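Take a look at the structure tokens below, where one protein chain is shown in two forms, each on its own, as structure 1 and structure 2.
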Structure 1
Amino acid sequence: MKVKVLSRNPDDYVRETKQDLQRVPRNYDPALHPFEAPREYVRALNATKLDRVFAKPFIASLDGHRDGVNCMAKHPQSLSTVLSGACDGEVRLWNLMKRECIRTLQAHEGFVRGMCTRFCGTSFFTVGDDKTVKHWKMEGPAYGEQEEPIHTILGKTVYTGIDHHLREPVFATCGHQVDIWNEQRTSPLCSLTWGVDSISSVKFNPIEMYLLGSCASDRNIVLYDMRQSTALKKVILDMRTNTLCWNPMEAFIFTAANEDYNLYTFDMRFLDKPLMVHMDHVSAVLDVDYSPTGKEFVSASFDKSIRIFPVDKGHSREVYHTKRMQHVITVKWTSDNKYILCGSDEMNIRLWKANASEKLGVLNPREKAAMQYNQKLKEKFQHHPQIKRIARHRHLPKIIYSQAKELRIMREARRRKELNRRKHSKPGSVPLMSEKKKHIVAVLK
């Protein structure tokens, strides 16, 4: 004889405390919820509107430099420590939690052209217009001691950039050529060059650590292998590339910031065309830095704004600007993926939220669950016209708005001219060229 017993587990319906919500059993059968999609659409619309209401990305401004901020570096061990170098040769260390300068040193005569921290975080390197590479301790001098570098390397030419290997006591500088140095020696281990022009930036790959990328003023992006002491590949673009940044999650991917207002994401194995062209700035792009997740990057431009781009999208998801902000020279994404730092011409370092409407501080579990639910709703309905319009809308300075409008007109005129030329030419004489291939001049190996 079979007896079916009704059993109810008290954990499913009994509250632990009086403050808890009543647990309601939920039947997920879609036939019982005929109006679920319209309800969720309204919730997604409200969540998108609230996102724009609470979008207050600016957090703080770090004042103290007496000249434009030219370069910045992140501390590899401490999230709250950041270093900045100015155009008057001054280097400052900042505590982001207290939002104050904890140390100041006069590092160079003239511009501080580049700086990087050692992988252990105990020291950092700076290069400047005075043709020197200086190695400094991260801690300040003890009482009675002078502020002096650990050691100084005198070079023959001006160094324009520096980057440190992520595991070994090796660093690379660039200027007239790319030099690989050991920390203990005063002469380079090897010098790499391909072309004759000055090199503006050099970066180690954070995954394949023996690979380097450099940008030269003759419009080249050159890739080197430190083990072979040789250059691997070179891609020549229409205009000069100011700097590049490697994706910290994908070994072969890097993004280049160009003078033609665009950013180009390349796969180093296939340099004949970029994976994506990111086109939203209206002036030269001066710096770029990846988020630690490798899914987004932030770019700094001469048009007095910074933009956040998803790696796989051609247009930015966010643009930040203030009335006082001038040409943004350097930008960094913090290692906890929450904040962005930018240094600009008018002597300020600004701290921004990476997600403009994110609530700072500790969230309780219900808040966290509600935010995750809203995020999923926004993703589900992101292509609906009204939600798309509200999510995309940004207030831009008049100068950026008018320049963007002008660029659109110019782009449309070029497209029309090309169509007319193709229409009135012999078939096949004017080939159809994609936007990705237009900007590549040549690839050399």
Structure 2
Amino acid sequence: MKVKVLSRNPDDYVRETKQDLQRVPRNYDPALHPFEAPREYVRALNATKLDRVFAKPFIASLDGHRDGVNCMAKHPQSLSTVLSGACDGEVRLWNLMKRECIRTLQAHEGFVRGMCTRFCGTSFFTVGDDKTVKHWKMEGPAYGEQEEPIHTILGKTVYTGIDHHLREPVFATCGHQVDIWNEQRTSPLCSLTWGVDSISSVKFNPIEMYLLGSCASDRNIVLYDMRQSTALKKVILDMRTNTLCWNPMEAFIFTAANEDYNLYTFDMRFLDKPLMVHMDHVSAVLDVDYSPTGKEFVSASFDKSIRIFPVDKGHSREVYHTKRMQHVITVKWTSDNKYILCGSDEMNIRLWKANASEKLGVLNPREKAAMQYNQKLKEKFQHHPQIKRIARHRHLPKIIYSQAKELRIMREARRRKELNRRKHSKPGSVPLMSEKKKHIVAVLK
């Protein structure tokens, strides 16, 4: 005999925990839930407002240096460790979790010009104004031991920058020329020169590790190939490039921080025109670092602010500043894509959130879903004027604000003048110059 009963699947109505919301079967008939777009718009507006309300990016300030912070380095294995070198030759290791200095050493006389960690995370290198390259252990000396470097290389000229290969015991320094060193030797494996000038920064390509990029004070950016020990190409810009940084996810993309307040993203195969000119700073850009996802980068500027740019956008999505932060000399994006560190003139290292309104700590699944939904809504309605206005609104220090305004006026005036010149001269004699091409002086082979 067959017995017919009503049966329901307990999965449909039983909660996992007491704290869960009651499961309510829902009818998704669109006729029952009208006004989708207006309702979502209101939600998006609220999300945007809340996003601004909760935007508190500043986390901590690490103080302890007795002079301006000149360079920083990330630990390759530990997210909580960061190294910094100051203008008085002092190097400090910091624990970000505890927000305290865990080690201090007097590395050089004069500036610490550059520093980098070895890929294994057991040691690091510093270069200083005293014409030396020093190799240090990451761990401090045992009790009673002297604080001494593992190796010291005495050079003939001042080294201004250093970078380590990601896989091999090879590092590169720059000064009068780019030197490639083996860790075991006291003389460089090879020296790469192209013209005579002081080179301010050298960086290994993190993906194709035989490639190097450097920028010199005669306004050029030079690319090198370590395997063939030869330079590849040189591009000369309007003004001096301070540093460059390679995209960690795209082998041929790098961004250069320039003195003319702009950043230029290049494809190294097509150097005659940058892919993107990023402008928003109102003073020289001193440092740039890519996010580990390769989607964004952060730049430090002499205008006492740091900005976050999307790689494919010409303007920044975020600007961070505080009253006490002076000229920002160095900036780093942490390897977990969550935080930004910046070292500035006034001896502090500051820790920021990469996403200003992000909630730190573990999120509930519901919280996470809500966050993602809000994110999606903001994205969906980003073109609506109110939402755009609220999302874009940032408070700026008066100096930056007025200077930005001034720059805007100047740019407009220049544009207008060019327009007038074109109008009043023979057609074709004043060619239209794109903003991207305008800043490239020459590309040398």
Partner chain sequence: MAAEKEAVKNEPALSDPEEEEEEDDEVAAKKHQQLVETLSTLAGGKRPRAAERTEASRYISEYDVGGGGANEKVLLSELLKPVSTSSALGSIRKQLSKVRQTKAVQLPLSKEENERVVREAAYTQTSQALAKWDPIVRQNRNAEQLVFPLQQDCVTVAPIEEVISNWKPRTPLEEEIFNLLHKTQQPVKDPLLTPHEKASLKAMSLEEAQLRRMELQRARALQSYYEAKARRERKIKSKKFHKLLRKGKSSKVLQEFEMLRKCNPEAALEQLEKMERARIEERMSLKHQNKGRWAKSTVIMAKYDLEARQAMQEQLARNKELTQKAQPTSDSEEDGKDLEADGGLVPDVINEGHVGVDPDNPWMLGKASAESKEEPRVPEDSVGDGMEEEEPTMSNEEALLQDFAERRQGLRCLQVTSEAQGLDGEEAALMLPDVLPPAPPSPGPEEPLLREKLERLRTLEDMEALEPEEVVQREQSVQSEGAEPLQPVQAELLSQADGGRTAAAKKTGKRQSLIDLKAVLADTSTSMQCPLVPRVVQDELESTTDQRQVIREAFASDNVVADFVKEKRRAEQDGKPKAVDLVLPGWGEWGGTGLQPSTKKRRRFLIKPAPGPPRKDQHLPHVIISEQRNISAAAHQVNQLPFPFESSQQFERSIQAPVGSTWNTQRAFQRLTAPQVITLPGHIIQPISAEDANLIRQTDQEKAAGQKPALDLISLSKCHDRRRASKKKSWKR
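Only residues modelled in both forms are compared. We call the rigid core the largest set of C-alpha positions that still match within 1.5 Å between the two forms. Quantities reported herein were computed from a predicted structural model and do not represent experimental measurements. For numbering, take structure 1's sequence and count from 1.
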| query | finding |
| --- | --- |
| Structure identified as the form predicted alone | 1 |
| Displaced residue check between the two structures: residue 9, CA, 2 Å or over, core reference | yes |
| Per-residue C-alpha change between the two structures, residue 18, threshold 2 Å, rigid core fit | yes |
| Once both forms are overlaid on the core, stretches between the two structures of 3 or more residues with C-alpha shifts of 2 Å or more | 1-34 |
